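The data below hold one chain only, encoded as structure tokens and taken in the form predicted on its own.
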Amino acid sequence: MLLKHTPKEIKERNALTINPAKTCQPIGAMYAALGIHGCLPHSHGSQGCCSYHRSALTRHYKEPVMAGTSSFTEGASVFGGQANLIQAINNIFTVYNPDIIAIHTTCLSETIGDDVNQIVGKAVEENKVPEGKRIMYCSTPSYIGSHVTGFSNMVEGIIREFPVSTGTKNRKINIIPGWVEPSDMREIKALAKTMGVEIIMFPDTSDVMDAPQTGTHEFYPRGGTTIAQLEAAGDAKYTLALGKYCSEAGAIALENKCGIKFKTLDLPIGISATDRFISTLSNIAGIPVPQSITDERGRLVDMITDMQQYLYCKKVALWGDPDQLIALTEFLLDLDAKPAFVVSGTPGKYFMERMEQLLGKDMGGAKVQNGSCADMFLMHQWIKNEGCDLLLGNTYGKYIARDENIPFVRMGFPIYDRVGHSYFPTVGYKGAMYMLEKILGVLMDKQDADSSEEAFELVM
């Protein structure tokens, strides 16, 4: 159903969220777990919950997502799911033989109060975990936070289980990439390789959620961070956390466990954030930035120079995950565009603080909101009242784009109605060029569609 009925009058809401700009924690936890090699995610709750989490990821990445479930029934919902989880652990290792099981909770198991740490300990005591196999876990109740929170919690679970400090540094740099596409993780690794910097990235969904079609089914694709790499992360020289919401908690946990210093950076989306990432990586590693990367930046600058006249003062509406929105907002400002409306359903004070740093204390006239009542309904009301030139966000904006006849570039998670987005990076200088081309393309398509016969130009 389209949104023609959305009223212009905005009324204060304290307890009602309409079409939220987020989804639930376990989806993020499942995505993070898939970035570990040989890992099978496990949803400690009902079959319906697990099916939703798997389908959300499958629809976005167009890849089969495997996961187990504790299959709660009425009995487990009342008396607890310990027996279900122990049986599931035994079945999964016996039938599917993963190297790791990554358990995340759901609303149901959190409400009943299951202690996953205790249950896993009991499974080990009862010899349900074969030698050499591992279990990691995290708490992800869907009634708080968002999929971003779930991703962060599973990263903490990875760190709790794997990295160890031997006392001998390996001089590598850990990178926690945050929730980005597999292509983004591949691009970050490529940039580090070009610089000659040895990194350990975790999680890493490249060659997992975009595995090549070989004609042979691989239950556990060859991608993902290995156990050996995760253990070696405890001896790294430094950690870079990309995105405060998705990655910083993991970096803090790693510092507390292994004494590794860290720095939190914005996701390297756009020119300024990528500059900071490249400079920081260069300084920590003590390696100069190679000419090839400088040339790549120069091509982006040239592209911005050519396109700036078309983007100047264009009003943009953005929604999605806070780490991505922060970097996208800065990139739009670098292009002389105007972030007009910004909505993130993920709670946390830092988002508003960072947006104030970027936009100014008055938010530069922009309307910005995050948390429980920051939703697509509010976004649509803002647009109805004030209008905008471009929509930038996930698939859920397509109804607004259709109703208001506004150009729309799909970005972030989830994107259900297009194919191929996960194969093209948005991070780094190459990613910025890709985004620029898409943004200018839809704006010029709109100009062509609305122009008269007399104004329909071959060269724009």
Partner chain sequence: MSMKNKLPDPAAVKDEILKKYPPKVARKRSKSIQVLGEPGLEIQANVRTIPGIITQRGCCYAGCKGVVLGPTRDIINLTHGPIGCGFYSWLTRRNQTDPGPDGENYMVYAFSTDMQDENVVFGGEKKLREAIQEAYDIFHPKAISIFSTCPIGLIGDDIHSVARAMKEKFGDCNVFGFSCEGYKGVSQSAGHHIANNQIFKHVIGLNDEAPEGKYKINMLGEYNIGGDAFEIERILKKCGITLVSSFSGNSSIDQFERAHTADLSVVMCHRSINYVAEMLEKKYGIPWFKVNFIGAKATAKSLRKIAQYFEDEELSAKVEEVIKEELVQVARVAAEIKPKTEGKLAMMFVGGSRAHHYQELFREIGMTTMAAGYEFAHRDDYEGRKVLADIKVDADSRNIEELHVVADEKRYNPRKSPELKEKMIKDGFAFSDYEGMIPEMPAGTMAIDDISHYEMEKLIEAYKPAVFCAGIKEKYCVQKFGIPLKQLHSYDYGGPYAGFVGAVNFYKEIERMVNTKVWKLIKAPWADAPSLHAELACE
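Predicted model only: the values in this text are computed from it and were never measured. Positions refer to the first chain, counted from 1.
Same protein, other form: the form predicted together with the partner chain, not shown, and the subject of what follows.
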Does the partner chain get within 4.5 angstroms of any non-hydrogen atom of Q87 in the predicted bound form? yes
I'd like to know if G215 sits close to the partner chain in the predicted bound form, meaning any non-hydrogen atom pair within 4.5 angstroms. yes
Might V409 be said to contact the partner chain in the predicted bound form, defining contact as any heavy atom within 4.5 Å? no
Tell me, yes or no, whether A401 is in contact with the partner chain in the predicted bound form, where a contact means a heavy atom of each within 4.5 Å. no
For a quick test of understanding: in the predicted bound form, does each of C313, F341 and G428 have a heavy atom within 4.5 Å of the partner chain? no
Look at the stretches 298-306, 372-380, 262-270, 192-200 and give the one with heavy atoms within 4.5 Å of the partner chain in the predicted bound form. 372-380
Along 45-79, which positions have a non-hydrogen atom within 4.5 Å of the partner chain in the predicted bound form? S46, Q47, G48, S51, Y52, H53, R54, S55, A56, T58, R59, K62, E63, P64, M66, A67, G68, T69, S70, S71, F72, T73, E74, S77
